[in-house]
Ligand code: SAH
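There is one chain below, alone, in structure tokens, taken in the form predicted alone.
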């Protein structure tokens, strides 16, 4: 019996990688396409279901490989919004969360790319739990597959890389998962229905633009002023907003897409008149829209320092802020808070640890 630590992880492999794997074990490469179809289209986690494989091959694969990288631990349901939060365990007993968000015209799955996050954004609970490791491509993909198995694949219409972690700091595995989701054999999701959200890693934004994936890109903006942004997002000290804006201009020209700016409203920090002027100026420089997000409490993580001092902008001020932006011909969406009663709203994902 081969230990799990030594078994080959097949989940997360691209079609070409699966073909190469079967060639390496003395099998025909068409087996790779068959397995790709079973894993990502039929959402199979059991070799015994794959009756177009010879029994001896199924036995060999079962003995030497792994098809399932995560186990579903718990599901929490918000009766007020219908939001579902899925807690998954990895094979090394790490915990991650994914969230299914129902809306009028779509069901969006928010997935994670890291266990925790190294960026320490002051308004985000994930940063308060620290960083453990990157997820492999199989663990990223399995969040979608296991959720789809749980609720029905056709119910998930959109994927956003906005869960735990910074996707562009786990670049290769994030890209590989996108390639799998959008491959024609998976009969899955359109590139137009996948969004990668980043706090801003400019050289990786440019690298992403060169790959031809043309997925939607969102930047966690939260302030147009370098000093303020550095205060609430320490990553800005290493990768200033100015560098990220130049990278985004390159991305929009290369991919012919527009970027989304995520903007969490923080009382007396980024909800002032000068912020409206700065956003208006920024949006005039490249094809873009703004997602305005009410600040969701992170008190469940018992924060200290700046994180403990943050307060949400009042609802009336948010409406006024949005109206003035729209009067300046800015496309603005207001993201309604969903799932805050189960700590599943934007910025609330985190695993409490001792």
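Residue numbers count along the first chain shown, from 1. What you are looking at is a predicted structure, and each value in this text was computed from that prediction instead of being measured.
There is another form of the same protein, the form predicted together with the named molecule; it is not shown, and what comes next is about it.
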Assert contact residue (the named molecule, in the predicted complex, non-hydrogen atom within 4.5 Å, options 236, 137, 264, 147) equals 264
The one residue among 244, 197, 83, 174 placing a heavy atom within 4.5 Å of the named molecule in the predicted complex is 197
With the partner left out here, if you bring back the named molecule in the predicted complex, are 167, 220 and 298 all within 4.5 Å of it by some heavy atom?
yes
Touches the named molecule in the predicted complex: residue 293 (any heavy atom, 4.5 Å)
yes
Heavy atoms within 4.5 Å of the named molecule in the predicted complex: does residue 161 have any?
yes
In the predicted complex, residue 124 touching the named molecule (heavy atom, 4.5 Å)
yes
Per-stretch contact check against the named molecule in the predicted complex, the hit in 251-259, 220-228, 68-76, 129-137 (non-hydrogen atom, 4.5 angstroms)
220-228
Taking the named molecule in the predicted complex and a 4.5 Å non-hydrogen atom cutoff, the residues of 78-103 making contact are none
